[in-house]
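One chain comes next, on its own, written as structure tokens: the form predicted on its own.
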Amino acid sequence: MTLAAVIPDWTSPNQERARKLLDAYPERRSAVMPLLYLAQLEHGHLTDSGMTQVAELTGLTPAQVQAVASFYTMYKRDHVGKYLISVCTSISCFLMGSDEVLTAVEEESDALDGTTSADGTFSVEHVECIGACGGAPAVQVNYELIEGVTPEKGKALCQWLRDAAPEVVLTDEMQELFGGVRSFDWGSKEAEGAVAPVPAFGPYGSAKREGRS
């Protein structure tokens, strides 16, 4: 059975990305995690059919694929808004006021923790440590990092995302506009950002340069 026959409802670019990902691993089953991201991008979230297709591509059982998808919280089983806002509430961020940041984001986005706004613009979630303890409270938008966020800046971030509706979410731009103390000097600016609530990575088609396709 050809790859296109297994995933006929995927776009041609994503079919080609899937082929390249499968070719990159000696064992097809090793591609399960990147393929799950592709399936999520294709359907807006991980559907049962999408996970079954990944199982067929990798030679795993649907139960094995579902076990992976349900273990890692970055795989979403329900529809996610255009901008996924993740507020770290682990101990360092909590002590620096992340609960207040989360509340501010919930109020401004019209989405409670674990839900998506009615207009589909925002999904909000609290997350465990994202490795930016020195820049607490830390927030991510589509997994692009912002450090030192205050409740006021959290609200301003939501307003900006709603009004400016950036196609590409750039961590350096958001840090400059809405961030504070950083955990360390980030160095050179990132040229690419996220275009979907999936980590920005070229092989997934989820990363772009601002102003470019």
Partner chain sequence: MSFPLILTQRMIDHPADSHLIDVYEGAGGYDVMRKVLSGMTPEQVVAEVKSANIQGRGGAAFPAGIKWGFLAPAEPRYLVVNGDESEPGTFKDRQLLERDPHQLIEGVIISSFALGVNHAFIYIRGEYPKPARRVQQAVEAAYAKGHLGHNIMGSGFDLDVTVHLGGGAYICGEETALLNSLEGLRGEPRLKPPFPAVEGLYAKPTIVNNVETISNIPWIIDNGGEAFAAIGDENSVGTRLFSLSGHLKKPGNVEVPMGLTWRELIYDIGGGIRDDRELKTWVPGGASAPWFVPEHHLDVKVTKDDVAHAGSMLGSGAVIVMDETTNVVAAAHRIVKFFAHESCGQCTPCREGTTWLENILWRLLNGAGRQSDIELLLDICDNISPGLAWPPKMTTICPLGPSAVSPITSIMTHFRDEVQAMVDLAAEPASA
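Because the structure is a prediction, the values reported are computed rather than measured. Positions refer to the first chain, counted from 1.
Note that the form predicted together with its partner chain isn't included here; everything after this is about it.
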> Among the candidate residues Ser49, Thr61, Gln159, Ser30, which is the single one with a non-hydrogen atom no more than 4.5 Å from its partner chain in the predicted bound form?
Replying inline: Ser30
> Is Ala67 close enough to touch its partner chain in the predicted bound form, meaning at least one heavy atom pair within 4.5 Å?
Replying inline: yes
> At the 4.5 Å heavy atom threshold, is Ser123 in contact with its partner chain in the predicted bound form?
Replying inline: no
> Even though its partner chain is not shown here, does Gly179 get within 4.5 Å of it in the predicted bound form, heavy atoms only?
Replying inline: no
> Can Met74 be called a contact residue for its partner chain in the predicted bound form at 4.5 Å between heavy atoms?
Replying inline: yes
> Would Trp10, Leu84 and Ser109 all count as contacting its partner chain in the predicted bound form, using a 4.5 Å heavy atom cut-off?
Replying inline: no
>> Within 4.5 Å of its partner chain in the predicted bound form, counting any non-hydrogen atom, which residues from 113-144 show up?
In response: His126, Glu128, Cys129, Ile130, Gly131, Ala132, Cys133, Gly134, Gln140, Tyr143, Glu144
